[in-house]
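Shown next as structure tokens: one chain only, the form predicted alone.
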């Protein structure tokens, strides 16, 4: 074996790697950055409070005082309609109602924190004048975890397909010098990118409709709001994520580089976008970051329209937010995009 040749190839590969700053960042810098961010996010801390609602009644104040003695519980008195809505949207983990002699705890057994909430409620009531509560499974259409999950899956589909479908294609065209050929034609950047955006949009909307229809037919997920408003949300959300995908790929030179950039954009939305668990109870800086994400606005608007009888006016803010985000992403992409 010609070992000098082997070492020469290894040396060449080593030098080539460090001549690509994006490769060095995604290999060493990004894992270190994620370690720091996730380390601060999930550092040792006191267990999070379990949010419980007591349905307003004559005994509600006394029951609330008893439950509040358990430091793990954050208890609030809500009217019946608000309590039902909060349980369905994941703002609370359990709901307690009834007179002192016939308490009922209602929670969705499919939620991972429901059993813990029940145990902590029983612990708070133990040894007092309150009898052990009855357990009631939350299985009404519109209040189950599957009803919460399906709109989140639609949002994730729009995010993933919008970004990956655009990012990889544009970067591959650039790496294969196909964009260089288009550069010498009369085709403008705006025309080229707009064509890309429209082509992806025509694919995303049917995919989302299929997911919604599947959830409604197979799992009896309700749709109680306006179809027109839902269509508008799907369109502007698709435009937002496609615009973000174009922006991310506007200067990327390699598939590895654009993959890292897309993961950098998507990972925070996977964690804080509210697709798999509710983030509406978050406050402070973390709550502000979550609310500023287009996936959060898309998911919340779809849940409002599917689980509650709401219309276009009720989702005006998410519509404006997503429209502005789409316009900003596409405008920045036009300024940053390069053919070579």
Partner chain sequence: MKSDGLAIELRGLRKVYTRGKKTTVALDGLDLEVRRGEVFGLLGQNGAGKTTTVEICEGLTQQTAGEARILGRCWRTGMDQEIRARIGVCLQETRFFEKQTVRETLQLFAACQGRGCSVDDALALVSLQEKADARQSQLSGGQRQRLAVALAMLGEPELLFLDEPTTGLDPQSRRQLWDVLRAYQRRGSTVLLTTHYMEEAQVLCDRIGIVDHGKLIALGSPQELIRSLGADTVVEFSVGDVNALDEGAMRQLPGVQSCEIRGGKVTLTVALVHTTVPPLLAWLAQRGAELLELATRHATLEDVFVARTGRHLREEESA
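Numbering follows the first chain given and starts at 1. Since the structure is predicted, the reported quantities are computational estimates derived from the model, not experimental observations.
Omitted here: the form predicted in complex with the partner chain. The next part is about that form.
Visitor: Give a yes/no on whether residue 178 approaches the partner chain to within 4.5 Å in the predicted complex, heavy atoms considered.
Guide: Although the partner chain is absent here, residue 178 would touch it in the predicted complex, with heavy atoms inside 4.5 Å.
Visitor: In the predicted complex, does residue 270 have a heavy atom within 4.5 Å of the partner chain?
Guide: Residue 270 lies outside the contact set for the partner chain.
Visitor: So in the predicted complex, does any heavy atom of residue 164 sit within 4.5 Å of the partner chain?
Guide: No, residue 164 is distant from the partner.
Visitor: Would residue 214 sit within 4.5 Å of the partner chain in the predicted complex, counting heavy atoms only?
Guide: Residue 214 lies outside the contact set for the partner chain.
Visitor: Among 183-191, 254-262, 87-95, 205-213, which stretch has residues whose heavy atoms lie within 4.5 Å of the partner chain in the predicted complex?
Guide: Result for this chain: 183-191.
Visitor: With the partner chain taken in the predicted complex, which residues across 271-300 come within 4.5 angstroms through any non-hydrogen atom?
Guide: Result: empty, none.
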